[in-house]
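The chain below stands alone and is given as structure tokens, in the form predicted on its own.
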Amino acid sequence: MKPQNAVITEVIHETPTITTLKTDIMLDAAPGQFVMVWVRGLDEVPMALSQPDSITVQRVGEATAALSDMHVGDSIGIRGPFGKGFELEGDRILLIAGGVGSAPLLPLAQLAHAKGVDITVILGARTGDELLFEQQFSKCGRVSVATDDGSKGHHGFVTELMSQFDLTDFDQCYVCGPELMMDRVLDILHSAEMEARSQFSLHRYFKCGIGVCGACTIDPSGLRVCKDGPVVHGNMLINSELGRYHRDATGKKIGH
């Protein structure tokens, strides 16, 4: 439970709001696992690993702003890796990523590519400038792009691009992105009877990160996102709180 000291060795500004921090620590982590990142004097927040030595951060709050402003030589504390990652299954897979949700899916794509798996990626962002890891995904498989403003690829949402594919042709579907996006994706997969052949990376407020405190449990199953997830099969999320509400640090329900 004691954080390791991790020194920033490289700062990569991926998009106007997203930054990758490479560190001097190489973690033995499965794609989709997370770490608890301690921003000294400020907060400890969960972060997906975009590479065994890297976290990729979107500037959305005080802690992520502090991380985004770090320089080479600065340091953070890291606990982990924790949780359940993605399970690579089948010979033909579909990855659906929205925004910084591309981060945990990139190592999965690279692992699948190395194993000769056929990979299709649907990649979404608000604008073309905010598309994350498009080139890296393109080295692994076929990539279709959607942007909210139409500045690149399809003008609209990743859920609209899903209609261009026969979802039942895929052995497994992997999803990470904003929760409302994931909720719509789950509805589409459910309609195609694909929910049991899908895996979602969830985001919830974590305190301990190891399944003890119960702050990240979701209704109605009581599943602990930090311990039983963050990757969960889609059939476990039908009729859950996904896309409806989450909880703040006090446990109060916050609607989407």
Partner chain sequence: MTKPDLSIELTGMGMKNPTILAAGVLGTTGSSLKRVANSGAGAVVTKSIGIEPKPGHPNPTMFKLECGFLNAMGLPNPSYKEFRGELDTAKESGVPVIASVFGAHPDEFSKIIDGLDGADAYELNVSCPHASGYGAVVGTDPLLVEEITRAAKQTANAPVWVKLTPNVTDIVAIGEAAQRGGADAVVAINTVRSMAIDIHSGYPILGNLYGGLSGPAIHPVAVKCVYDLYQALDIPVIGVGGIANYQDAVEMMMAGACAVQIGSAIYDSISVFDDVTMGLSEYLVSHGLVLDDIIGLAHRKVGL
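Positions refer to the first chain, counted from 1. Model, not experiment: these values are computed from the prediction.
What comes next is about the form predicted together with the partner chain, which is not displayed.
4.5 angstroms heavy atom contact with the partner chain in the predicted complex for residue 214: So residue 214 counts as contacting the partner chain.
Heavy atom of residue 221 within 4.5 Å of the partner chain in the predicted complex: Residue 221: contacts the partner chain in the predicted complex.
With the partner left out here, check for me: in the predicted complex, does some heavy atom of residue 244 sit within 4.5 Å of the partner chain? No, no contact at 4.5 Å.
Does the 4.5 Å heavy atom contact test between residue 29 and the partner chain in the predicted complex come out positive? Residue 29 lies outside the contact set for the partner chain.
Pick from 51-59, 64-72, 227-235, 195-203: which stretch has non-hydrogen atoms within 4.5 Å of the partner chain in the predicted complex? Only one stretch passes the 4.5 Å heavy-atom test: 227-235.
In sequence order, which positions of 189-211 have a non-hydrogen atom within 4.5 Å of the partner chain in the predicted complex? The stretch touches the partner through 206, 207, 208, 210, 211.
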